[in-house]
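Presented as structure tokens, the chain that follows is alone, the form predicted on its own.
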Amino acid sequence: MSAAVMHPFVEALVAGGRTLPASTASWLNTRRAAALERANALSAPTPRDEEWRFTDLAPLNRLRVVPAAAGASVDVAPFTVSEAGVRLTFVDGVYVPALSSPGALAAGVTVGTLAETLKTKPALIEPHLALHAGFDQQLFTALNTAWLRDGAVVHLAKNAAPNVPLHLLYIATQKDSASCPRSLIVAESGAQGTVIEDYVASGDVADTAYFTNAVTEIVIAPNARLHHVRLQRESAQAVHIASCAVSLAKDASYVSQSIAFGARLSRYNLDVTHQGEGAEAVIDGLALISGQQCADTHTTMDHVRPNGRCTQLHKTIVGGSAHAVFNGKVLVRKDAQLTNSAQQSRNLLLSPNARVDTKPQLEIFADDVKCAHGATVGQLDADQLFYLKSRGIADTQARNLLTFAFGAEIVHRIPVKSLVARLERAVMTQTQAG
């Protein structure tokens, strides 16, 4: 990191972390204190830092953020998912029971807030919370951890299998505010389920600036399976920084679709570690941006044990003067023989001023592996346009159809029908040319 520079937003969040009341759990106070110490020592990243060289935090530096006040009442109807059996709703980082839907939980399924789980089942979270998402060199993760007071906890006991998705809804309602959402998802041996992690803006802040700093930790035990759908639909002027750390045990399976439509500046760090032999991950991503937006996705697939499998497809659709960034690393350690890992970055430019920086990486220290990566950046395929137009489809409509199809490939992999239909409409709206 570069020399320490305490930006105003860092000062505000560090100060807020110092004033939070102590938890009844001493171990959590210890972890929060360690994170606060690191947040106070780390500097804000700049384009001079290699991991941030394509992404400028200027939109965040211009914000005079203050900690968000207690969550306000808001209409959640536009954000509900009909198939979801349970919905936890957080407004500006604060849990709001009146806007949540507890539902009927299947046997072995625990869905609740961090605060209540600390009181009733602390043993479920102590082995995991703030131990997978490292904050030693990550300023934003350190700030989030220093703020740890509440969040969402999903625990699937051994062989638990809820047959409906579980919805974690985070709504922003306050201009110039900062919130630090936290999620912990644990799937014990043989469990399986689907979790929707959803970040949205209420109508009152649809065109205003605020800051969301989110951290998610996911732990998948042997032979467990988790499907993780992550949606980022923040205000057009918001700053959204997020990290997700995933730990996979022996023969565990993780499937993810991450969709980013919103925010003036967004950054998503996804780190998946194959801690057990035979672990499998399928990682899909889509960023659909225009205007002056910047969407930055950094992923690391860390193969520690043998026989790991991973496939990744990340797509961006970039219009106006927007800027998309993708940095994907596949790391195969010395003992991770027989790893099979593939990564693709495909990027579609809709205007001459749109920009994409893509950097797929392979770091291989084992000698018996099958790994591949690739990247494409371009405009709509001329042959495909010609084919559609030769069938009587107007040029504009043909472009819209091809652009929609490019993004819909990722959306259609989401296993929630109502959500797919809603996202299809969003993709169609944002890809329509005049």
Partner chain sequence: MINSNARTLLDIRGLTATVAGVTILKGIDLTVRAGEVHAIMGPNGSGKSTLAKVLAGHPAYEVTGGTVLLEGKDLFALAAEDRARAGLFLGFQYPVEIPGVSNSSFLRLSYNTVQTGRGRDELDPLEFDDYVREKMKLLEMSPEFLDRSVNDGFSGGEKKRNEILQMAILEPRVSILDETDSGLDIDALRIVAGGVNKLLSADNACVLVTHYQRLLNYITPDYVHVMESGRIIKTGDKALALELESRGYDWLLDGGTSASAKAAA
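Residue numbers count along the first chain shown, from 1. Whichever C-alpha set is largest while still superposing within 1.5 Å between the two forms counts as the rigid core. Fair warning: this is a prediction, and the values are worked out from it, not measured in the lab.
Although it is not shown, the form predicted in complex with the partner chain is what the next lines describe.
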| item | value |
| --- | --- |
| Stretch from 38 to 46, 51 to 59, 390 to 398, 23 to 31 whose residues place a heavy atom within 4.5 Å of the partner chain in the predicted complex | 390 to 398 |
| His412, heavy atom within 4.5 angstroms of the partner chain in the predicted complex | yes |
| Partner contact for Val66 in the predicted complex: the partner chain, 4.5 angstroms, heavy atom | no |
| Residues of 157 to 191 having any heavy atom within 4.5 Å of the partner chain in the predicted complex, listed in sequence order | none |
| Threshold 2 Å Cα movement between the shown form and the other one at Ala394, rigid core reference | yes |
